[in-house]
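Single chain ahead, written as structure tokens, the form predicted on its own.
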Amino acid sequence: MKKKIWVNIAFQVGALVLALLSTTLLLLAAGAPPFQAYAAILKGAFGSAGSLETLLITWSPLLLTTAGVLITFSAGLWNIGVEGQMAMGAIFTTWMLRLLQETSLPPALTIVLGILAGIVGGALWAGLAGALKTFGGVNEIFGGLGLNFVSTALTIYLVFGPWKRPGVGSMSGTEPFDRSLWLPTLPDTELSLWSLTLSLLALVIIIVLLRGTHFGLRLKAVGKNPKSAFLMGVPTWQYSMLAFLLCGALVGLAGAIQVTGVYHRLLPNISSGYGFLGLLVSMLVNYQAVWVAPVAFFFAAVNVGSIQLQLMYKLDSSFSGVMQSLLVLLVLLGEGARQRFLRKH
């Protein structure tokens, strides 16, 4: 047992060292001095109150998308459609706020109804991917990717069509909502403690759900071996559909927060890549929900800090995604090598 623990640590550390070396080689190939580049990333993420504020704003939706993806992963499903589900949550929230902004409802109630609409929108879009998988035999990867394109097209249509700014359609999005329909923020900042609290609360609920409930145990049984789970009396397709709906609800909440707490309007790229980033985080934590918060915080820091690489060394904005993907790839390869080593010994 003691030997197994040391083997696990050795492979994990080795994967991280390989990732660091690979990133260093990439920086050298791009003409950026590695140590200065790493220092620039740290400064960009933690160097000022403004950068830390941006980091926390980025962390919030990433927590939600990762938590949602963990539910479908636990059920053995690859929900690649999280980007579209987040966009659909933002669309439903925008629709509800536009519908209610001229009424006499209290602003706080309007915001709550807008967020609930986003949750429903994300759940419905994820449920459609689940229905295609369950009843249509469409692989969830292809179904999710296809629905991503549909939601993107719908967002662009709304921004440049029915919901466009008076007289002109713009990539800057729809007309901003009145400040009374914004989630409250800390004084002199754009950080909303409400959005951060909702994200952390949702993550805690998912941790408890997956680790300490009968539902979580059955969901994992479906993910591990659906045939055996069915023979043991677990309603497998119902659990798969429920996993999609729960994931979509969380991701839809992320979209709602983007509208009510960050941009205060609908943008063509409202998801900002958080869905795909959540997939990377969930794979890196090996589907262990308890590690989501720190790993998502690290990814958010890289995402925010890497802007400095663009400013200082003229590196493309996609470089941070390359770094993050490389880290996940090497850690997964290390995990595969570890399991193979342990089977042989």
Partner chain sequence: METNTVIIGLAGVLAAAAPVLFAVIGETITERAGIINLSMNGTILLSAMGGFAVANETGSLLLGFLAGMAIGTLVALLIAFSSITLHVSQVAVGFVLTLLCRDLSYFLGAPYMNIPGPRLPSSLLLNLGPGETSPVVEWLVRLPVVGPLLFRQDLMTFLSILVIFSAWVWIFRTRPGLMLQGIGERPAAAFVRGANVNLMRYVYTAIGGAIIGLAGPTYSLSIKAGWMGTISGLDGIGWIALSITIFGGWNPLRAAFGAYLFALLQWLGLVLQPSLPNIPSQVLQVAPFPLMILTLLLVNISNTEWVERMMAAMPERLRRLIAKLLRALRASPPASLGVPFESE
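Residue numbers count along the first chain shown, from 1. On a predicted model such as this, the values are computed, not experimentally measured, just so you know.
What comes next is about the form predicted together with its partner chain, which does not appear here.
Among residues of the shown chain, S318 is one whose heavy atoms approach its partner chain to within 4.5 Å in the predicted bound form.
In the predicted bound form, its partner chain sits beyond 4.5 Å of every heavy atom of G14. Of the heavy atoms in G136, some are within 4.5 Å of its partner chain in the predicted bound form. Remark: G146 counts among the residues lining its partner chain in the predicted bound form, judged by a heavy atom distance of 4.5 Å or less.
Looking at its partner chain in the predicted bound form, residues Y157, V328 and L333 each place a heavy atom within 4.5 Å of it.
Contact with its partner chain in the predicted bound form, judged by any heavy atom within 4.5 Å, is made by just one of V295, I57, L279, I41: L279. Think of it this way: in the predicted bound form, its partner chain has a heavy atom of just one of V290, M312, A30, L52 within 4.5 Å, and the residue is A30. Contact with its partner chain in the predicted bound form, defined as any heavy atom within 4.5 Å, is confined among 238 to 246, 157 to 165, 91 to 99, 111 to 119 to 157 to 165. Residues of 65 to 87 that come within 4.5 Å of its partner chain in the predicted bound form, judged by any heavy atom, are W78, I80 in sequence order.
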